[in-house]
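Below you will find one chain, with nothing else, as structure tokens; this is the form predicted alone, and questions on how it binds or moves follow later.
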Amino acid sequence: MKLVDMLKIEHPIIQAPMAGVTTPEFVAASSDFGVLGSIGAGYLSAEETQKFIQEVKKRTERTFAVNLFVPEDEQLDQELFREAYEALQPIGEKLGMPFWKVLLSTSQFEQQIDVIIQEKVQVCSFTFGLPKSNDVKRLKEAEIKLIGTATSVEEAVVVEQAGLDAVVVQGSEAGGHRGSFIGMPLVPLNELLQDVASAVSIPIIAAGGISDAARMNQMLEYGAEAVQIGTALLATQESGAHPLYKRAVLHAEADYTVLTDTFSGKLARGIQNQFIKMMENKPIAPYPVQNDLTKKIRSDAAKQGKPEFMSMWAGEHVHKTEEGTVEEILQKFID
């Protein structure tokens, strides 16, 4: 079965599940256009995930996906935690908060899966790893299509072996967090896609630097059955990105992005700014602890109108991003 038929979509495009950026309006607008809208539920509780799903259902009857972050069993090193917190204090002082309370997050991954089954979501995707075999079994019994994320041939093979229905291959050009779970490979999409196409038999979705129809068609020729688009949709009216984030995206030039683990403890591509520069060679706590440490910094920076201390994830081709509605931007990929 072709991927577009499996996912019940008209066009071979998946709207990237950008956690913190996707809104119910954004997801619904994507699905209504005939692509696969995706809820970025990585940072949500089970209750928040359910509410989000229900809000999307109010706005569209079309298929959409929910993306989950697979939790990692990371032991907290108290000494590293202290060093990472102290390294952030000069930035906190610039925001008028030399000290701040840090609430450590806990994953509700299993409860989110319960919600997805209960709400009869038709597609579920995963980042940072794979669900346990029992979870795969439960989701499949509920007739939910499953999509994994891979940044290497090895990871793509593991995704297929786990019984998932399709795999997103994420090239090094992609914005946001690397979906890696075996090492931290950085392979350009052209190379990665062709290598994965010869190694797996499940449908492939290409992601990373896909900013126009020409690039999309090239990926389809190289063996992808669909593409995943994120940065190109960041500045749309329905996007939940902060206005300063949207402005930075629209004013970005080529070579504006860098790979950094300073915000979350996990490698991600975003627009270079003062925060990243100030944190060079400083102690970084592992994900998700670093993400918890910087959460108040990022939120206060947004409130104070200081994008130099915000995380602004974007792919290598961010300079090609345009404003408009989701429909207007997606139409450019179809024309």
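This structure is a prediction, so every number in the text was calculated from the model and none was measured. Throughout, we count residues from 1 along the sequence that is shown.
The form predicted together with a small molecule is left out here; the points below concern that form.
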- Any of the heavy atoms of residue 124 lying within 4.5 Å of the small molecule in the model of the complex? no
- For residue 231, is any heavy atom within 4.5 Å of the small molecule in the model of the complex, or not? yes
- With heavy atoms only and a cut-off of 4.5 Å, decide whether residue 291 touches the small molecule in the model of the complex. no
- Using heavy atoms and a 4.5 Å limit, would one call residue 173 a contact residue for the small molecule in the model of the complex? yes
- Task: With the small molecule left out of view, choose which of 63, 67, 273, 50 has a non-hydrogen atom within 4.5 angstroms of it in the model of the complex.
- Result: 67
- Task: Taking 4.5 Å between heavy atoms as the contact cutoff, choose which of 265, 203, 209, 129 touches the small molecule in the model of the complex.
- Result: 209
- Report the stretch among 215-223, 96-104, 111-119, 231-239 that approaches the small molecule in the model of the complex to within 4.5 Å, counting heavy atoms only. 231-239
